[in-house]
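Take a look at this single chain in structure tokens; it is the form predicted on its own.
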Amino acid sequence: MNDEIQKILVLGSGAIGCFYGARLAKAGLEVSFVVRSDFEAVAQGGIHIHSYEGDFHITPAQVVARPEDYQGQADLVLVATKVLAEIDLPGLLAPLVHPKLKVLLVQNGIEIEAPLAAAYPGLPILSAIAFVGVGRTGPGQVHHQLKGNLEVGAYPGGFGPELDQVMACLLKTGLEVKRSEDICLSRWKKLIWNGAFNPVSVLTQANTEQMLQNPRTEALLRKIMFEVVALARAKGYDLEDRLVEQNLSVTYKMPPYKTSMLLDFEAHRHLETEAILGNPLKIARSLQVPVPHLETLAALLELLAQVKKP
């Protein structure tokens, strides 16, 4: 029996979904996309990736407006939707689930896998963290500025044949793909950066370089990061203090970069505040861990969303 992944459906065709889906299609896999706002453009013209590594274009195997319109059975559904309260991911996946299906979540935040695992107890769920700088510049158009690395693990942890199959599939893209034994721990590590830079970038309208060039803002980012580390430790994940300086050092070396949350704000799209701040705050309250900086960021972003509704 051949368990090799050959047919992939991308659910969530924004910058992340289009970029990784296009790289998989370029590698020779059969990749289809669920597309909403850009449906006509992608159906007629495909997806264009404008990259510092070289531009390319792909024609999807299928372009559908709804998951239930997909013809056949996908071996893998790559989920790259935003983590928003109004998106019912278990419901979206319902028409696609079959005994051999695997799901890969390429999304931000912590504890995002739990609702799907509860809805489909036997479904193999793989979870991935993307280290990439991409932005949607137009219908079916993506600008790739930075990296493309992925860290992938089985949820809730460990290794298994499904992870091997997904890793083999992703490695065909030529991107750097790292295997995580504990993807939940990896997500907490990523939150050190996301929990600081994403909210602050929206509230200041600044890119990474501008945030770091201001001494007071740089100090604020550091304090937010240490709050995330402290919260992770209270939850049972032993993060080291050095990760804060490591994240700052890496960001100093990056070219000036607008965060995904700032790009969403500028495009009048809903922000992933719940995944990046909401879930950590629920954990902080349940464990009675003080996180005043995260609370402040969440309050300001909530007010901003009310004042400037998408």
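The first residue of the shown sequence is 1; numbering continues from there. Throughout, rigid core stands for the largest set of C-alpha atoms superposing within 1.5 Å between the two forms. Owing to the predicted nature of the structure, the values given are computational and were not obtained by experimental measurement.
The protein also exists as the form predicted in complex with another copy of the chain; that form is not presented, and the subsequent description refers to it.
- The contact with another copy of the chain in the predicted complex, taken as any heavy atom within 4.5 Å, belongs to L203 out of A119, L185, L96, L203.
- Note that among 215-223, 107-115, 124-132, 187-195, the stretch whose heavy atoms approach another copy of the chain to within 4.5 Å in the predicted complex is 215-223.
- Contact check for L300: a heavy atom falls within 4.5 Å of another copy of the chain in the predicted complex.
- Within 4.5 Å of some heavy atom of another copy of the chain in the predicted complex lies at least one heavy atom of H293.
- A residue is said to contact a partner when one of its heavy atoms sits within 4.5 Å of a partner heavy atom; E30 fails this definition for another copy of the chain in the predicted complex, lying far away.
- Although the partner is absent here, M211 sits close enough that one of its heavy atoms falls within 4.5 Å of another copy of the chain in the predicted complex.
- Relative to the superposed core, Q71 shifts its CA atom by less than 2 Å between this form and the one not shown.
- Fitting the two forms on the rigid core leaves the C-alpha of L212 displaced by at least 2 angstroms between this form and the one not shown.
- Relative to the superposed core, K258 shifts its CA atom by 2 Å or more between this form and the one not shown.
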